[in-house]
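We begin with a single chain expressed as structure tokens, specifically the form predicted alone.
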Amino acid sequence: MNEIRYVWQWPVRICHWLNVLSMIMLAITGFFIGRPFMTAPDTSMYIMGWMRMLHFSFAYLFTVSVVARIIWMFIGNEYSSWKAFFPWLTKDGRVAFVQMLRYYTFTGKKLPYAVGHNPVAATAYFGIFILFIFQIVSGFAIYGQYAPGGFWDGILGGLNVLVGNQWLRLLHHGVMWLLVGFVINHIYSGWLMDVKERNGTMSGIFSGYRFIKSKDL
């Protein structure tokens, strides 16, 4: 008999899908800004202007979503808590981390069970949040160059001097591709765990519920 457990609270699910939407739009518009793939027969079409406007609009949306998710790490349930992203801080977490890593690398058959994120995925998501923050900070630092002395230039403009604006652009672009690779792996691994564990891994991010076997509780 499986128990239906409410795991992913609605703020987590909303932030997840806002991140998905934002990442898609930011990747498309950002790639266009760096390497335009459409031509305009007339300047009045203002394609680059529209792409930049969309890029900056979704950058703000993405920032709000990431900040909201970080806040929820401190006020949400145990599955969305910041502690879930550091499984290796406890002995049981380290054991489960090694077992899960061996399972992923085909060196072990034992599959440690987790109601929320498994320990390897949780650690990876912590790294992804670091990349999210880097993209937000570097993106607004670059954006600030178009309004010297403005809000973003005043806060983050020093990065363009410290790192160099061309290096910052290159890193911002490179991290975009890292996140694209993560999305591909994220979909695949989510589908794999859904098939292997049959616990609603994929549907849970829509409904919030997962199906837990009594023996695994």
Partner chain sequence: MKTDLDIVSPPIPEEILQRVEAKGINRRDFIKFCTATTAALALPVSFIPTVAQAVEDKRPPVIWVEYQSCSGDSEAFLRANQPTAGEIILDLLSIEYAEVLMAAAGHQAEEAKHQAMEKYKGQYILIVEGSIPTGAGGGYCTIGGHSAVDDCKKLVQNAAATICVGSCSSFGGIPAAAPNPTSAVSVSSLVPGAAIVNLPGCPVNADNLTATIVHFLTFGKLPAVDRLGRPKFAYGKRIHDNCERRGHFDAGQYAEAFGDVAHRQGHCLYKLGCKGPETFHNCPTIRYNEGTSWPVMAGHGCIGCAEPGFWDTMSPFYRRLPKVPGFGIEDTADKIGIGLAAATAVAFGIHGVASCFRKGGSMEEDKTGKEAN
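Residue numbers count along the first chain shown, from 1. Just so you know, these numbers come straight off a predicted model, no measurement behind them.
Omitted here: the form predicted together with its partner chain. The next part is about that form.
- None of Trp88, Phe129, Trp82, Tyr113 but one reaches within 4.5 angstroms of its partner chain in the predicted complex through a heavy atom, and that residue is Tyr113.
- Think of it this way: in the predicted complex, its partner chain has a heavy atom of just one of Ile28, Val64, Leu54, Leu170 within 4.5 Å, and the residue is Leu170.
- Within this chain, Tyr46 lines the site of its partner chain in the predicted complex, having a heavy atom no more than 4.5 Å away.
- Mapping the unseen interface onto this chain, Phe106 counts among the residues with a heavy atom inside 4.5 Å of its partner chain in the predicted complex.
- In the predicted complex, at least one heavy atom of Gly158 sits within 4.5 Å of a heavy atom of its partner chain.
- Trp191 belongs to the set of residues with a heavy atom inside 4.5 Å of its partner chain in the predicted complex.
- Within 4.5 angstroms of its partner chain in the predicted complex, the stretch 147-183 places a non-hydrogen atom from each of Pro148, Asp153, Gly154, Gly157, Gly158, Val161, Asn165, Gln166, Trp167, Arg169, Leu170, His173, Trp177, Leu178, Val180, Gly181, taken in sequence order.
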